[in-house]
Structures are given as C-alpha cells and as structure tokens.
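Before any questions on how it binds or moves, here is one chain, the form predicted on its own, in structure tokens.
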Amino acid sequence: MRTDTTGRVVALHLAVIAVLVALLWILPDYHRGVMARVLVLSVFAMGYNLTFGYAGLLSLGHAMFFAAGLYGAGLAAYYPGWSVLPSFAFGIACGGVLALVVGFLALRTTGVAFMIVTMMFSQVFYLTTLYYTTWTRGEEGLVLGTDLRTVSLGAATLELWEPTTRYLVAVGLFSVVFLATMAIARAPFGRILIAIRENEERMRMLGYDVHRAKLKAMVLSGLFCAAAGAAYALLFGYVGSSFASIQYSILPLLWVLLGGAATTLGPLFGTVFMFYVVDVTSGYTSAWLLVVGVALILLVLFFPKGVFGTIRERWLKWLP
C-alpha cells in the first residue's frame, strides 16, 4: 500500500511538472510571462507552507526572507558585478543565514507572540531597505540590465531576460522546490513537523528536540523563500523595498490557505488563483477588490481547508 501510494504521489508531481513545461508551447506570450512570475512566487508560497502548513508556525515575517534573497542577488549583481550563478547562490545564503538568526530568536516564543516577533523583524528589514536608499533606492528600486542577467556557459550564453528562457528557468526552480517539498513531507522529518503542529508537548515528552526541528524548518523555509527572491531579481530585473513590506508576508499566507496548508499542490493553486482573479477582474472593474473578496469567501465556505486540503479530506486521502 505504501509503495502504491508513493508511486501515485510521484507520478502526480511529475505530471504537474510535465504540464507546466507543455504550457510553454500552449500559452500566448502574455500568459507565459504571467506564469513565469507565478511559478517564482509559488516557490515563495511553498517555503512559507513548510513552516505554517507543516510545522504550524504562523509567521508574518516571511517577506524578509524573500527580500533577503532578492537584495542578496540583486545587489551582488548590480554593484560588484557578480555573474548570475554566484549572485543567485549569495541571495540564497543571505536568506538562510537570516532565517537561522531570526528563527533562533523568534522560536523562543510561541503562538501570537511568535507572529508578532516575526512581523517586527520583518519591519526592521523593510525599514533598513528604506534607510539605506543610497544603495537600495528604496521604493524606486534597482533595475538590473540585460547584461547582468546573462549566463555564460562556455561558448553558449543563457539570457534570463528572454521570455522562453525565463519561463523554463522558472519551471526548473519550481520543479526542484516542488519535489523537495514532496520529499520532506513524506520523510520522517516531515512527519515530525506535523506531529509537533498537532501536539507539541507530547512530542517533547517523547524526547524529540522540538526547538531544533522548528529551527530546521525555519532555515529550510528561509532558503526556499530566498531562492524565490533571488530568482525574481535575476529573471525580472527589479529589486525594490515593496517586496519587504508586510503585504508580502500576508500574501503567501493567503495563497497557502486558499490552496490548502500542508499540501504540496496547494501553494501553486493558491498563487495561480489569486494572481489571475486579480488580473482578470481589475481589467473589467475598478471594484475588483470586491470581486476578489466574494471569490475568497465562496472558496473558504466550500473548501474550508483550502482546495487541495478539502479534496484530500473528502475524496483523495493519498494526496500529499
């Protein structure tokens, strides 16, 4: 039974990746560009889902991890002129180190206190990006030229600003994090996180190092979010303080809740749904927020645990 379930889960994830690759030749140019952006933001949502969905840690500060990757990669490419791969790696490292420090301090608290502490750290990061406007240019941001977003591979070059390349790189990053999330969710570590979420005291009584497990989840989450931020800077060529604002800490929470917390497919669905609802409705009416609100209310009423969380509970128990 376990092998059969594993086969289904792996096949489902590979099928999703295959569909995303196939969309390259199906979608028109505009929607291909939108989906590239959505896939990068889905990685951000998957990073958030690791702490909120699996470990039960409600954070309002994940924008700082996304922005750490964004600024780490963007500033490294813009000022010293680092090439794409070192800049990307530096952005991920920045997010990982920040997550380690913030997690070590914030995990001394729980519940609402944890939420407030993470929000405070995030606001400090946001204000820092505004304070050092000489380097960051604040809300105006930095624009990375096409020459800074070109990868040299021997005699060949990879132009990240070219639409097809950008889409395929976005799919590649999404696929890596998507499969990594699946592996984590089905591994003993993922089961430990879920058990901590359900009953932390019991896990502590059983001898598990709860703080260490949570910290590990925070660091992995920070790495995923930073990878999304670094990819966003290098693929779309913009680095700005708005990505460190409280809005970008609330958005992944919304995406995960809509798609289904502690599901691997939920972050992708939630991000796609919200992005397109806003995009389509804003083109028809200035009251698009009202339409979005009604859509969200209906979704929550009929899918109380998110779309894939409810599907798993009611029909497909094997969904990851």
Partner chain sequence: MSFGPHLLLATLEGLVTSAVLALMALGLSLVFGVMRVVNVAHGEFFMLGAVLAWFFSTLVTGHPAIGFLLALVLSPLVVGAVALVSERLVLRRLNYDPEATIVATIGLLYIIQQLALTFYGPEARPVQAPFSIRIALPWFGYSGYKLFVIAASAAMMLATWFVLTRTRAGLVMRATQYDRETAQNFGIPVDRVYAGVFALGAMLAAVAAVLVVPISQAHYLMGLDPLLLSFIVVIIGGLGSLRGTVLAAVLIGVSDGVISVFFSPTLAKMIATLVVAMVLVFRPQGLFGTAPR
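Numbering follows the first chain given and starts at 1. Each form is matched to the other, and the largest set of C-alpha atoms that superpose within 1.5 Å is called the rigid core. Predicted model only: the values in this text are computed from it and were never measured.
Beyond the structure shown, there is the form predicted in complex with the partner chain, which is absent from this document and is the topic of what follows.
Which pick from Phe90, Phe121, Phe236, Tyr167 sits with a heavy atom within 4.5 Å of the partner chain in the model of the complex?
Checking each option against the partner chain in the model of the complex, the one that comes within 4.5 Å is Phe121.
Just one of Met274, Leu265, Met35, Leu253 has a heavy atom within 4.5 angstroms of the partner chain in the model of the complex, so which one?
By the 4.5 Å criterion, the partner-contacting residue is Leu253.
At 4.5 Å between heavy atoms, is Val112 in contact with the partner chain in the model of the complex?
Output for Val112 is yes: heavy atoms within 4.5 Å of the partner chain.
With the partner left out here, check for me: in the model of the complex, does some heavy atom of Val176 sit within 4.5 Å of the partner chain?
Heavy-atom contact with the partner chain at 4.5 Å: absent for Val176.
How about Leu289: is it within 4.5 Å of the partner chain in the model of the complex, going by heavy atoms?
Yes - in the model of the complex, heavy atoms of Leu289 and the partner chain come within 4.5 Å of each other.
Would Val294 show up as a contact with the partner chain in the model of the complex if we use heavy atoms at 4.5 Å?
Because a heavy atom of Val294 falls inside 4.5 Å of the partner chain in the model of the complex, the answer is yes.
Taking 4.5 angstroms as the heavy atom distance cut-off, pick the stretch from 240 to 248, 69 to 77, 168 to 176, 139 to 147 that is near the partner chain in the model of the complex.
That would be 240 to 248.
Taking 2 Å as the cut-off, check whether the CA of Leu299 shifts that much or more between the shown form and the other one after a rigid core fit.
Superposed on the core, Leu299 moves its C-alpha 2 Å or more between the shown form and the other one.
Classify the change in Cα distance between Ile311 and Val300 in the model of the complex as closer or farther, relative to the shown form (magnitude of 3 Å or more).
Their C-alpha distance grows by at least 3 Å in the model of the complex.
Do the C-alpha atoms of Ile26 and Leu299 sit closer or farther apart in the model of the complex than they do here, given a shift of 3 Å or more?
Relative to the displayed form, Ile26 and Leu299 move farther apart in the model of the complex - a change of at least 3 Å between their C-alphas.
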